[in-house]
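As a starting point, one isolated chain is supplied in structure tokens, in the form predicted alone.
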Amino acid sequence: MKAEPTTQELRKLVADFRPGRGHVMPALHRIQDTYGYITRKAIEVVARQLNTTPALVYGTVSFYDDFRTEPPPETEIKWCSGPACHMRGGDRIRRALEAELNMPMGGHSDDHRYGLHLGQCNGTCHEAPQVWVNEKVVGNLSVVDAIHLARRVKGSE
């Protein structure tokens, strides 16, 4: 993840997007893929580039779970909420992670080293129940596995 982008860097990054062509989401994805999150400044730059309002761009950012407005933690655990994971005890995995990490879903450690977030099914249901650790599937989890994973992420194991 790079440092917070400058206005000039953001303008250059979205320079090839044009108004009226449905480019809000592609522009936001490009920014997030580059910097890991979308700043207020980025919202303003995208709005200006696409000749729309910051409110419309922010509405897009806040509507879709894929977009974030703060830097991601160093290690991000995403818990799968899909039906296969649910049927195979995913709720127990979630509770174990929340308890061991001492944070609710959507939280992160005070030092921003790790966080726990909701993930959307990505088609790797044969690994259920699963989580993604920095986008890598960790599947066929038991509650004990989830506890050990959380302890490794925290550095207490």
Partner chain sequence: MATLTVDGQTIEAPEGAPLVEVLKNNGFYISSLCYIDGLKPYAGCRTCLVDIEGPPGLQLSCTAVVQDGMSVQTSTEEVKEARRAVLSVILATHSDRCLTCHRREHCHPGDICLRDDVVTHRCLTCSKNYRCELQATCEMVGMSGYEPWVGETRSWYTMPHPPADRANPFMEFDPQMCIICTRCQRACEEKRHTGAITLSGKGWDTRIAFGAGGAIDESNCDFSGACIDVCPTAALMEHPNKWVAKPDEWTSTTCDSCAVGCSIMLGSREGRGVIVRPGDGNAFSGDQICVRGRYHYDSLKPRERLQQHQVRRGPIQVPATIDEAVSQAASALKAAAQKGPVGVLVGQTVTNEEALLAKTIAADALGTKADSSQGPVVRAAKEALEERLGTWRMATDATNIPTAKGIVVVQDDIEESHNVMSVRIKDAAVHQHAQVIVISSLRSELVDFATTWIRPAGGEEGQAADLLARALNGENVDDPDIQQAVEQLNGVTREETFVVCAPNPVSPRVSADMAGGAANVATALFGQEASEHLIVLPPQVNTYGLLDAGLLDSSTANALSDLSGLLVIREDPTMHIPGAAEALERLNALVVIDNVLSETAKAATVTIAEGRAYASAGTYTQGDFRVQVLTPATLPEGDAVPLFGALKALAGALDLQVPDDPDAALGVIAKANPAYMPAWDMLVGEGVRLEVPGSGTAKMVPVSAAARTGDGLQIVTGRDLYTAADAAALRHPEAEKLHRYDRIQVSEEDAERLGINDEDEIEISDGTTVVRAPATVTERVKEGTVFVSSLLQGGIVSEFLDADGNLPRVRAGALTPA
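None of the values given here were measured: they were computed from a predicted structure. Residue numbers count along the first chain shown, from 1.
There is also a form predicted together with the partner chain; it is not shown, and the following applies to it.
- Only one of 60-68, 90-98, 103-111, 125-133 lies within 4.5 Å of the partner chain in the predicted bound form by heavy atoms, and it is 60-68.
- Mapping the unseen interface onto this chain, H117 falls outside it, with no heavy atom inside 4.5 Å of the partner chain in the predicted bound form.
- Mapping the unseen interface onto this chain, I43 counts among the residues with a heavy atom inside 4.5 Å of the partner chain in the predicted bound form.
- The closest heavy atom approach of R48 to the partner chain in the predicted bound form falls within 4.5 Å.
- Proximity of R18 to the partner chain in the predicted bound form falls outside the 4.5 Å heavy atom cutoff.
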